[in-house]
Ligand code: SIN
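Quick setup: one chain, the form predicted on its own, written in structure tokens, and binding and motion questions come after.
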């Protein structure tokens, strides 16, 4: 079934596209999925980059069970887990805190040799006003580049790292230290093609992000900076993005290979509590045969 504005056909689910990125899945209870619905949701996530669900009632055990229908759970090594449920990362900001987690454009786990496929984020407590999440389409970002730029990028790889975000030398507000940890695990860098072929949709997608990309492989940081700055500004143009407003019981299921996201920090004095489960992904491949090398891990001296 399709809803107005949709451009993809599905038989088991009703989907309303949100523009360049994202789609709302209507009248689906995530705790009662059939195998056929799971298969179509898997395809729809690849098509749209992120799927939105409303009015879900999920216990922690339900959340885990839903995630396991779509893949193997990645136990996040940096986030504080929910008590008794190590599979669920807690994304929390208390009313008296000022710094939030994810307050900048990024895609999760690009610093891993095999990045996580995506995450299922469930809203447990949200502010009355604010606390939205922005999403950006890396399909649209790639498609709207010039032919010359696309050709150049398809021949290049980029270096990604977690060290400057989660490592011992990372600069971050002290109040985030209680919500993030395990700094010793932030030592591995990874190299990925700058344009990947999405493993589900087959579409080319830009694969760099401001949060974790350090430089273009084989280029100096100074040489890389203007190209990356252009790509970051281009990818986050309004026509490539969608702003999702959370309500209690809302779920966003995004694909890291096709999107960026940005948690807007505009709800000071209110509490926001989200539960996130991340799923393991597949090795990335370049979008164009011969363009870029397969993803690989590198280890930096000195962490």
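Just so you know, these numbers come straight off a predicted model, no measurement behind them. Residue numbers count along the first chain shown, from 1.
Absent from the display: the form predicted in complex with the named molecule. The rest refers to it.
A.B. asks: Would residue 261 sit within 4.5 Å of the named molecule in the predicted bound form, counting heavy atoms only?
C.D. replies: Judged by the heavy-atom cut-off of 4.5 Å, residue 261 is in contact with the named molecule in the predicted bound form.
A.B. asks: Even though the partner isn't displayed, in the predicted bound form is residue 133 close enough to the named molecule, meaning a heavy atom within 4.5 Å?
C.D. replies: Yes.
A.B. asks: Can any non-hydrogen atom of residue 121 be found within 4.5 angstroms of the named molecule in the predicted bound form?
C.D. replies: Residue 121: yes, in contact with the named molecule in the predicted bound form.
A.B. asks: Within 4.5 Å, heavy atoms only: does residue 91 come near the named molecule in the predicted bound form?
C.D. replies: Contact with the named molecule, yes.
A.B. asks: Choose one stretch from 103 to 111, 189 to 197, 141 to 149, 222 to 230: the one whose residues place a heavy atom within 4.5 angstroms of the named molecule in the predicted bound form.
C.D. replies: Of the options, only 103 to 111 has residues within 4.5 Å of the partner.
A.B. asks: Could you pull out the residues of 228 to 255 that have any heavy atom within 4.5 Å of the named molecule in the predicted bound form?
C.D. replies: Read in sequence order, the residues that approach the named molecule (within 4.5 Å, in the predicted bound form) are 246, 254.
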